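One chain comes next, on its own, written as structure tokens: the form predicted alone.
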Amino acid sequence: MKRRSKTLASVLMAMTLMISACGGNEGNNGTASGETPNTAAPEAKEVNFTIGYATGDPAGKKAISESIKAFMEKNPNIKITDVSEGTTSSYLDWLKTMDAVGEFPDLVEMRDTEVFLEADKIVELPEEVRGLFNTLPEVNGKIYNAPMVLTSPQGIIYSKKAYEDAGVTELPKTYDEFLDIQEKLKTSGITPIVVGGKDIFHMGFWLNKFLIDQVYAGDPDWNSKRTAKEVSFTDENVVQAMKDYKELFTKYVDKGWLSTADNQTASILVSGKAAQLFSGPWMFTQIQEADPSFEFGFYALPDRNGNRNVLGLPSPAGWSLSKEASTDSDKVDAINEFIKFFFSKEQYSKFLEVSNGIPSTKEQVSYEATEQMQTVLDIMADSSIKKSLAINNWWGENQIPPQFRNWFYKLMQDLVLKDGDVAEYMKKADTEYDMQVKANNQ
């Protein structure tokens, strides 16, 4: 009986509530009596920021643009304007032009950190996102970059069919063996090497290979010594490096290299017009898209002593926040959210897979590596392979004058085209380097 009374009381109470909900039109808060007041959170504030990054690699450009699109779909209140443009000039020159016209990106892929730090265009990386990464190189004791990937090694991307047709059964153990392979390829009737010399940055692939082998592998501080005039471009090791470069371009590189763009090299390789390309893993996707059935391999090119030296040291590069954007707290918050999204496990793995990048994050991010990419990862994990940097990627005391890289690359193009004397051209390099150092110090 007691239980029945309790149940009945509950029913009566419910009915009373229903009646009170139906009675009366207005409550004290202006809503219909019994209605739940509108306590929904206000709509998220709309925020806009611009983003800029290098577009020389189509696969990488696609991967970043897809990340931007996915982020905006998830965060409709944040609009990201992509101001990146394809250009045959250097990325450094493009950024300087954007700065000159007042359109420097809010979030920018930074490759020349010290140049834009000295120009007061970027600020320290927000503390909020620093914990995402294992290694954060410092400039003057401060951190300015969220590294998109670790430095990738470059090497020989080769057609397996071309090697087989030329009778090449083993990969070279020394640079001289590599030259022997070039002769076999020529004899078989195929152009040994394609180069995208129309894009000035592409010239650095081969030039830095020889500089690393002959110079930086033995002396990582060579740049600072050159600035102090303790070493010279006319020194025997540098001259030999450029002699090797000139010989290779004269004998084995496709004659149309100066009018060939970097993004044309993949199609030239898969079409069978050339047997090899010296580049990095970002090209793997382009090659596979050009011809999914094309069979190719990748290896680190040894020096004359059989040592393998590759790009691979960390450097201050990656996403950086502009000084102007840093004054807007809403932009900073939105940019931090994008950076965290970009490097989130699910999203970052997609970027790495498309771009064949080496992850920089503290959290382990894996993706299905191709045969060629696994070779790259093995190279990076091999402690017997010396890791280095390109001439313009060093920083601190080893930073070169910012305009020297492109000037030097163009000088080396001229060396080949005019069949110049290497020693004389290296004298020109010394003169220009000293002049730029002096100009920067004024």
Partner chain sequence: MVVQQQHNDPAKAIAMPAVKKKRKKWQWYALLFILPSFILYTLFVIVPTLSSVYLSFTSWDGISTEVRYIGLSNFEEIIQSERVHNALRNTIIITVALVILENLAALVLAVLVDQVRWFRNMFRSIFYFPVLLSGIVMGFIWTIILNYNFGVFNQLLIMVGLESWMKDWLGDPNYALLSIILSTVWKSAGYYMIIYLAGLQSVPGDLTEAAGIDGANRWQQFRHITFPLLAGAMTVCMVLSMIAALKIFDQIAVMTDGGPGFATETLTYIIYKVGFGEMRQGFGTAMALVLFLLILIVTIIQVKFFRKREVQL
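Residue numbers count along the first chain shown, from 1. Nothing here was measured: the structure is a model prediction, and the numbers come from that model. Throughout, rigid core stands for the largest set of C-alpha atoms superposing within 1.5 Å between the two forms.
This next part talks about the form predicted in complex with its partner chain, which is not shown.
Report yes if any heavy atom of K246 sits within 4.5 Å of a heavy atom of its partner chain in the model of the complex; otherwise report no. Although its partner chain is absent here, K246 would stay clear of it in the model of the complex, with no heavy atoms inside 4.5 Å.
Would you please decide whether K350 lies within 4.5 angstroms of its partner chain in the model of the complex, comparing each non-hydrogen atom pair? No.
is_contact(Y91, its partner chain) in the model of the complex, heavy atom dist at most 4.5 Å: Outside the cut-off, so no.
4.5 Å heavy atom contact, K160 to its partner chain in the model of the complex: No.
Name the single residue among V83, L258, V139, L171 that comes within 4.5 Å of its partner chain in the model of the complex, judging by heavy atoms. None of the others qualify; the residue that does is L258.
I need to confirm a contact call. Of K273, K362, K229, K345, which residue comes within 4.5 Å of its partner chain in the model of the complex, counting heavy atoms only? Exactly one residue meets the criterion: K273.
I68, F71 and I400 each touching its partner chain in the model of the complex (heavy atom, 4.5 Å): No, because I68, F71 and I400 lack any heavy atom that approaches its partner chain to within 4.5 Å in the model of the complex.
Please pick out the stretch from 388-396, 375-383, 410-418, 49-57 that is in contact with its partner chain in the model of the complex, where contact means heavy atoms within 4.5 Å. Stretch with heavy atoms near the partner: 410-418.
Going by heavy atoms, what in 265-292 lies within 4.5 angstroms of its partner chain in the model of the complex? In sequence order, S267, I268, K273 come within 4.5 Å of the partner.
Cα of D120 displaced 2 Å or more between this form and the one not shown, core superposed? The answer is yes; the displacement is at least 2 Å.
Rigid core fit then K251 CA moved by 2 Å or more between this form and the one not shown: It does not reach a 2 Å shift.
So that I can tell if I193 moves, could you say whether its C-alpha shifts by at least 2 Å between this form and the one not shown after the core superposition? Superposed on the core, I193 moves its C-alpha less than 2 Å between this form and the one not shown.
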